[in-house]
Structures are given as C-alpha cells and as structure tokens.
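Here you get one chain, nothing else, as structure tokens; it is the form predicted alone.
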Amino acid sequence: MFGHDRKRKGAGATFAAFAVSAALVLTGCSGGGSGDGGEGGGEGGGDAAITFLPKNLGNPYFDTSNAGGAEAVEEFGGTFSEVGPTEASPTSQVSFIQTAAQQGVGALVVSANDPEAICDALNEARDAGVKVVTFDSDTNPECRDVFINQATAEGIATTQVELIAEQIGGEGQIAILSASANATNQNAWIELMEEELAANHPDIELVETVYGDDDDQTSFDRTAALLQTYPDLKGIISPTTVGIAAAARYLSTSEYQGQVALTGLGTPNQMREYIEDGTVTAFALWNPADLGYLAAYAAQALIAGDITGEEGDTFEAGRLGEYEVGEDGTVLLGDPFVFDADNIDEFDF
C-alpha cells in the first residue's frame, strides 16, 4: 500500500516544497515567544493567543512541530506560546492546561500523553472559553474540539510492517519499541500492526512490545535488553522518534549492526547518520512542521468561529490549502512518507 516507489515519486516538486518549508521553520520562524500569551488579533476576530503543549519539551519531534505552529501563528497575526513538562507522564500536562485557562488563551494545541488523564482539565478550559485542538496523539473526542491526525492509523501501521517485512525477508522474530504505555497514537498503531502481521505476514513473529517512555536512555536500554533476551531477533519497529534514534545509536556500535533491521518513525536529521552507515535502511514519518502548522490554523479557525469541529466543516490552512473536518472532529494531514538513502538528503528537519 505504501511502497518505496510510490513514495519516492513525491520527492520532486511536492517534497521539495516540503523540505524548504521545514528548513524555513527550523531557522527561526516564530509568531510570538514563550511568554504568557495575550491578545493576538487574528483575522476573523477573537483572541488568537495560541499555546502549544507537547508531550514533553526537549523532544526533537515536538521542537519541529511547535516551530511549524509558530510559523502559522505568525502568518495570521496571533501570539504563540510553548509550554510543557520535561517528562511525558500521563498527568504531567494538567497544570499547564490549568494555567493556560487561567491566562485566558484563545486555544490550546495539545499532544496528549494519555487519552483520559487530562480530559477533566481540558473540559474545564473549554468551559472557560478556550478552544482545544489535539495533534499527534488524541484525547477522548469529547475532551477537545478538533484532532489533527498526522496520517491514518492504518496507513502508519501498514507502512511500518511492510518496511520491516521487506528488510527481514518476510520471516523471523521482531519486537516493537514504543513510547509510553498510555500513548493513544502508539497503542492504536501497535494494535493495527498486530492485525496486519496476523493477516498478511504469518511468518513474522512479534515476540514483545517494550516501552522506552520517549526517553533516550530508557529506549537505548530497552533495545539492549531486547537483543539479549531474543538472540534470534531479526528486526525492531520503533514508532517513536526518540525510540528509533536511541535504538539506532545502540545498533550502530554493536555486533548487531547490519544483522538486526530497524525501522519505525523518525526525523531525517536524527536518522541521517544511521542511514549513511547502514544501520537503518528505511523509515517513515510525515512532516511534523506541517502537522503543527495545520494544528495552529485549525485553532485559529475555531477561535474565529469559522469551524466548530463538526464533520464537513472546512477551513483554509495557509500554504497547505483547504482542509475538511472528518468523522469525530478529525482532520487528516496526509500519508506517511518513506525516507531512505535515495532521498534523505532532500530534507532538513
């Protein structure tokens, strides 16, 4: 469904723009600062003060997505803020949600560490007039207005399974190195990967799923433990940017380099050296800068009253064009993209 050839065809005009936009974001596009937020005066009226709350700060993936949000907020004349915990635990985001509500921000853009643990805080914020957009990892639908989904869960799961199947010759033992055990998106992808393996790859055995909690050292240690526990392991899928980079770092200096395949979701700048040294053949992702950019425009559309989150609502998202709200208030960014030695140098994020 998501083969290499199909994805590489997009590395021309479409993904040249993708790379340029990401590079611009990472060189400092910003719509405000990390202050307490204020009146934004966004087009369409209302308070366009938008606060981004990632799973945790210091995560390269969220650094990129938040930069995309800042770019969008600057375009429509709002005020951008970024807050968050240092660790991605289920309840660590609650105090930041409460503070943002007290400050009267126009919208919160949140990647949830847990689908339920922050719901009460989010609904209290909504009762206070704050619009809530989730992105990357959703809450329960009743706790937010819109969810910006990076790609369909089915597409993400299928892509990763197809990549590992190709890399290990369609048979053998594999493991999954995930983020936190409560991460909504990770769990949805893992369940679908299990279904895909059972339905279409009967000769591949998933021996264990382990959790690195989106922490580099923990993920590194979990990789080492997997390889010690399963001497016949042929591959690892890590559907988290922190996990795949940590696993690649371990493999790159071990006896398993070139022997145990690794794929999953990563950013080009994190994974480039591991593609170049042969530790990793191919991995997938979407443009996290575009994900944050789209989330910010959805927040602005909610603030302005252009959408309510109902299915069929449409809004303009700057350079990304028009988007439509789907079932359960979900907006889909697009399909995942496969990065490998042939195309990785075209991207900078």
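What you see is a predicted model, and the numbers here were worked out from it, not measured in a lab. Residue indices: 1-based, along the sequence shown.
Not pictured, yet referred to below: the form predicted in complex with ligand RAM.
task = With ligand RAM left out of view, choose which of Asp114, Glu71, Asp145, Asp214 has a non-hydrogen atom within 4.5 angstroms of it in the model of the complex.
result = Contact with ligand RAM in the model of the complex is made by Asp214 alone.
query = Between the options Asn185, Asn149, Thr79, Thr279, which residue brings a heavy atom to within 4.5 Å of ligand RAM in the model of the complex?
reply = It is Asn185 that has a heavy atom within 4.5 Å of the partner.
Thr240 within 4.5 Å of ligand RAM in the model of the complex, heavy atoms = Yes, Thr240 sits close enough to ligand RAM in the model of the complex that at least one of its heavy atoms falls within 4.5 Å.
message = Leu265 versus ligand RAM, in the model of the complex: is there a non-hydrogen atom within 4.5 Å?
response = Yes, contact at 4.5 Å.
query = Taking 4.5 angstroms as the cut-off for heavy atoms, does Ile307 touch ligand RAM in the model of the complex?
reply = The answer is no: Ile307 has no heavy atom within 4.5 Å of ligand RAM.
query = Leu177: heavy atom within 4.5 Å of ligand RAM in the model of the complex?
reply = No - in the model of the complex, heavy atoms of Leu177 and ligand RAM never come within 4.5 Å of each other.
request  = Please state whether all three residues Asn59, Phe62 and Trp189 have a non-hydrogen atom within 4.5 angstroms of ligand RAM in the model of the complex.
outcome  = Affirmative, all three are within 4.5 Å.
query = Taking the partner as it appears in the model of the complex, which of 192 to 200, 245 to 253, 100 to 108, 177 to 185 has residues with heavy atoms within 4.5 Å of ligand RAM?
reply = Of the options given, it is 177 to 185.
message = Within 4.5 Å of ligand RAM in the model of the complex, counting any non-hydrogen atom, which residues from 127 to 142 show up?
response = Result: Asp136 alone.
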